[in-house]
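Given as structure tokens, the chain that follows is alone and in the form predicted alone.
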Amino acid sequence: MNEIDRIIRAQALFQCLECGKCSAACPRRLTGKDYSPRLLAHKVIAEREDEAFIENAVWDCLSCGMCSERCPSGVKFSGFILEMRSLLAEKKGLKGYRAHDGAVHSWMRMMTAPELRQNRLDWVPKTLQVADSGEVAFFVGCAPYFDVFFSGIDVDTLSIAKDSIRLLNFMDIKPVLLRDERCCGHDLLWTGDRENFERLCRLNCETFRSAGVREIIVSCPECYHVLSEHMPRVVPGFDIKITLLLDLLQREMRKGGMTFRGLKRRVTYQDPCRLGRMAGRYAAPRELLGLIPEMRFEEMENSGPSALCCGNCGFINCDAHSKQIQVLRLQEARATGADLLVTACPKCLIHLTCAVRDPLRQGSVKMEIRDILSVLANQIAWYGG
């Protein structure tokens, strides 16, 4: 059995009924791109000689997981895309179209240098309580880099990290921040660079273990996806607990340990793909937002498992079709009557903010976009407050 046959069997492509539900729901196709998950599955199984089609289609996928969610027979299409990209990158050197000239992927590869020395903590204000050592750490991720790289669109991703730590402090958690933490490698993984992704996993694991960390709290869905799902596959015996901050807040909320100040806004929520369809976290964000008095929450036409993605993943496929997906999503948000769009992923924040600022739209999709953790941190009622 060759490698492609193994991937087909592992990801259940033979179970495809060619019903077309995946293609009908695919965001790429909905915006007019000639793309079909069903046809790609057929080509790989029955017309493998059409290499050009297969190679282009593998890289055109957004890996949003909508096709897998709609599939009635359990085809693991996102897993198929992930494995095929790794295979094509290794065997043929294919990398797909990388947005921003691959700058994001370049800084991730730079972090694979074992001798790399960083100072990632200059942004930490004195008002936050953090520890130099301990068993519980907060994983910051690429927020410090995003803030610099995307400064032109005024995206404050570092505020998500700061507000996450504020929320942890509220719960009497003083997390360790690791000076030599590296990127989780999500974008390298999903663009097929498995060698450097696995190197990042091992280096991060060494950093965690050297610091005596036994639990890592993360706020970014992509970091959570990598650390909880892929890190154990790369590092044998990986036994560090990975906790999603939203889960922690939900547990605290259910104990009655938090209250919020009122916010007179009409709000809608964007489900990130890695948090929703890949991690199944739909309830926690909505339950937490529901605690804020005076807030009116409105669901978009497509929400939960049916939510449209932000049009990009791993900083590839940033094209006119991706932009149209973002515009469609913003139009859905505005149709609710909401004046605030809340999401839970820094990538959604970046991509949707970019679309909002498109001068060709002349403000037609303009609305405020904020991360849910920042909303919660700003509205939480501190002791005596």
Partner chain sequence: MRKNAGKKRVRLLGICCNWSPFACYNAAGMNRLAMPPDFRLMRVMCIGRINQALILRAFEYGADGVILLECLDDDCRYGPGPGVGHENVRRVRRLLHLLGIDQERLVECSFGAHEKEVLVETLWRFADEIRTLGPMTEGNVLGVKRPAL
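Numbering follows the first chain given and starts at 1. Here the structure is a predicted model, which means the values were calculated and not measured.
FYI, the form predicted in complex with its partner chain isn't displayed, but the following is about it.
Asker: Would its partner chain be touched by all three of 30, 70 and 79 in the predicted complex, meaning a heavy atom each within 4.5 Å?
Answerer: No.
Asker: Using a 4.5 Å cut on heavy atoms, which of 229, 101, 132, 301 is close to its partner chain in the predicted complex?
Answerer: Looking at the other structure, the residue within range turns out to be 101.
Asker: Within 4.5 Å, heavy atoms only, which of 265, 286, 120, 214 is in contact with its partner chain in the predicted complex?
Answerer: None of the others qualify; the residue that does is 120.
Asker: Against its partner chain in the predicted complex, would residue 152 count as a contact residue? Criterion: heavy atoms within 4.5 Å.
Answerer: Yes, residue 152 lies within 4.5 Å of its partner chain in the predicted complex.
Asker: With a 4.5 Å heavy atom cut-off, would you call residue 174 a contact of its partner chain in the predicted complex?
Answerer: No - in the predicted complex, heavy atoms of residue 174 and its partner chain never come within 4.5 Å of each other.
Asker: I'd like to know if residue 144 sits close to its partner chain in the predicted complex, meaning any non-hydrogen atom pair within 4.5 angstroms.
Answerer: Looking in the predicted complex, residue contacts with its partner chain include residue 144, since a heavy atom lies within 4.5 Å.
Asker: Test of understanding: in the predicted complex, would residue 277 fall inside 4.5 Å of its partner chain by heavy atoms?
Answerer: No, residue 277 is distant from the partner.
Asker: Of 112-120, 240-248, 215-223, 254-262, which is the one stretch near its partner chain in the predicted complex, taking non-hydrogen atoms within 4.5 angstroms as near?
Answerer: Looking at the other structure, the answer is 112-120.
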